[in-house]
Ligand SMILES: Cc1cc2nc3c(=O)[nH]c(=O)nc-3n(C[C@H](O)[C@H](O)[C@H](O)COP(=O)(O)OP(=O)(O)OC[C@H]3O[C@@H](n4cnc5c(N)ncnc54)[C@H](O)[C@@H]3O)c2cc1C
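In structure tokens, one chain follows: the form predicted on its own.
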């Protein structure tokens, strides 16, 4: 019996969240799907690992677009509709903001959040709530327009706030609310989850982020992010998807401008009507298309014109005391010497010292995630990719440990407890770790940067122009919806929808 079928409807390259979302959606419509994953397990960075007998979350801080069981948002509803049963735990807060002159924990709920900001900066409640309501209106428009596109004339009537703010940066829109500097800074911490300073970040992105996280709160799976990928893979196989692990796709086969299959590193040629790739277009167009003569010049121009967003550096520790005993009192802490997002973004260009730290204590969201009497605490920086590209093999260990010690020392000073004295297990994840494990281009976890020059609204309007090779679609962090685990699910679904729409159009032409 042959290992692979003679032909598939769709081959999906990559068994992380985006690829598995594509596979689930296609299988739900009766399509014959093959998923090829280079690792021995699904999930990519949606994973966990074991150290000292303790399972540790590898990457997930919080999941957006889930929603409560009786009021699901789009990602949570997708999991439910696909029969992917995940036990979601609601994160107890939005974040603790720590910057000069401010120490405050803020919570989800538009009115509650606005009141808590007003408690720090009196007299701002109405303005902050008005801004958050604007975010929510734009959020609703984005969700509707992603499913039901419409003409610009109809958009202006039905989605006035979306249209009027789409061409402006986050800073430009916030400035119209005449908020004091400190109130603006309290609205800023989540910027790191999209990776652009406010002067460059399209307001549309900020609005969706704030409406989702602040309006509905965030969630984590009880059994870590690997619960998502394992259950997605299990459900996909139950729906008839063939998933093969340790199968590295080396080439995407193209003839006359159309993809028709792949070749694995071990030499298997596998054929399909469509290919969905989780690999970045940068990698696909520069080294994966066979023959290389099938790569149009505009594909190279497109990837060269786009700026890569952020990569990741994390120190994950299992500590020998409960969190409160070490003065760790919040699930999520955003700590910076300033909350000027443009200054912080520029600081991420080098190799430190880093001035903006994102800290997570998973025990406050999942009390049983570590043995009793211990806690899990991580410190994360999301550097720009260019700085870490300069690190040589010879200096890698020294740079890694220098940066790790800096962020640990900074948080130790903050808590008044030397965290290194309490370490049971410690893992350092660098951009090189991400690149090696996920094969992500330059270790980038956030795809292409959200900027006013490369705006998500414009990308949505020109999406068809980015289908450069027929029957080849892209999913993953680099696709239109951008970064984060929730958007990766959305990107995977979008790629599958594009394939299904193309199949339907071809069938109608017969």
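Positions refer to the first chain, counted from 1. Computed from a predicted model, the values in this text were never measured in an experiment.
The form predicted together with this ligand is left out here; the points below concern that form.
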All three of 73, 107 and 332 touching this ligand in the predicted bound form at 4.5 Å, heavy atom to heavy atom? no
Counting any heavy atom within 4.5 Å as contact, can you tell me which stretch out of 122-130, 244-252, 396-404, 165-173 lines this ligand in the predicted bound form? 244-252
Going by heavy atom distances of 4.5 angstroms or less, which of 468, 60, 27, 34 would be at the interface with this ligand in the predicted bound form? 60
Would residue 347 count as a contact of this ligand in the predicted bound form, using a 4.5 angstroms cut-off between non-hydrogen atoms? no
Examine residue 288 and determine whether its closest non-hydrogen atom to this ligand in the predicted bound form is within 4.5 angstroms. yes
Does at least one non-hydrogen atom of residue 437 fall within 4.5 angstroms of this ligand in the predicted bound form? yes
Whether residue 56 contacts this ligand in the predicted bound form should be assessed with a 4.5 Å heavy atom distance threshold; does it? no
Give, in sequence order, every residue of 294-318 that has a heavy atom within 4.5 Å of this ligand in the predicted bound form, or say none if there are no such residues. 312, 314
